[in-house]
Structures are given as structure tokens and as C-alpha cells.
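Quick setup: one chain, the form predicted on its own, written in C-alpha cells, and binding and motion questions come after.
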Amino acid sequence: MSKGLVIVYTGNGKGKTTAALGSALRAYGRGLKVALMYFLKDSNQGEINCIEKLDGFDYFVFGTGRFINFDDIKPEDLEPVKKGLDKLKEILENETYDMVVLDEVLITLYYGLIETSDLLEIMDSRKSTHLILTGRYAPSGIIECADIVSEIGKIKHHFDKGAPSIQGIEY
């Protein structure tokens, strides 16, 4: 049995989570058991309303429910991320899912909430589980480890004009 693929969606453009969810939905449609793990985000994500209706497509939330000030990271900011890593270890050890999406995990690396070496070690323990990692600032170690890397670039975004997040578009 070969190791599962590592797929990375990174860059400053909108659509990294959307791309990962599209891949996950395709896998689910082919009979794979899928999990979505949210790092830093809360459960106020529109796609959860659909995922909850799909047997064999699970989600886990490892966010604080509030915006993290990355210039002033507090111990309570680290707790959900650590729980997320522990859950990932358990999932990979037990081969619970065929595919796991680690949404926004890359930004946790950038801000030092997770050490890249720790995540790489956990990822290396996977057997046939495919992993999809999303977020800005993918470090070179993750890119090197990955089988597929797509960079999603921003050309224009309504945020640039000061527009707020729109339900159904951004979350």
C-alpha cells in the first residue's frame, strides 16, 4: 500500500479552502471517507450545513471562536491547535479517514503555533490517508514533502476596498 498524497493549496488569493472542499467532495463522491479539520476557524462556516448531512464526511473545529492577534499569542490560542494535532495523530494512526483536509494549518506554521517539523513528523506517519493542507505562507519543508502544490494568487478582492466578509462567499 502506498502512502496517501499530500496536496497543498497556498497563496494570497481567495479560494484555498474552496479548492480543498472541492477535492474532498470529489473524494467523498467516489466513496472515500473524508474529514475536514478547521484550524483557527470556528464552526460558523457555511459548508458545515452541507457536511452535516453527509454520512462519512466529518468535520472538527480547532479554533478559539475569536480572531487571534498574532502579535500577542496567548496560551489559550495554542490549546485548540494542540488538540487538532492530537486528533490528526489519532486519525492517521487508526486510518479513520481516506482523506483529511487540514484547513488553515499552514498559517499556524507561519505564526509558530505549530512547528513545521512537528507537522511533518505527523504527516510522515500517514499510511494511505491523503492529506490536503490549506493556508497562506506554505513553508519550503511542506512544499518539498507535498505531491501537489497549487498557489492561488490574488489579482483583485473586494476586501481591498474595505468591504466586509460576506456570508456564503467568505464563510
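Residue numbers here begin at 1 and follow the sequence given. Because the structure is a prediction, the values reported are computed rather than measured.
Below: the form predicted together with ligand ATP, not depicted.
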Would you say all of Gly22, Leu25 and Asp98 touch ligand ATP in the predicted bound form, counting a heavy atom within 4.5 Å as a touch? no
Residue-level question: is Arg136 within 4.5 Å of ligand ATP in the predicted bound form, judged on heavy atoms? yes
Considering only heavy atoms, tell me if Met123 and ligand ATP come within 4.5 Å of each other in the predicted bound form. no
Indicate whether ligand ATP has at least one heavy atom within 4.5 Å of a heavy atom of Thr18 in the predicted bound form. yes
Look up in the predicted bound form whether Ile107 has a non-hydrogen atom within 4.5 angstroms of ligand ATP, and give yes or no. yes
Only one of 26-34, 107-115, 141-149, 55-63 has heavy atoms within 4.5 Å of ligand ATP in the predicted bound form; I'd like to know which. 107-115
Do any residues of 52-78 have a non-hydrogen atom within 4.5 angstroms of ligand ATP in the predicted bound form? If so, which ones, in sequence order? Arg66, Phe67, Ile68
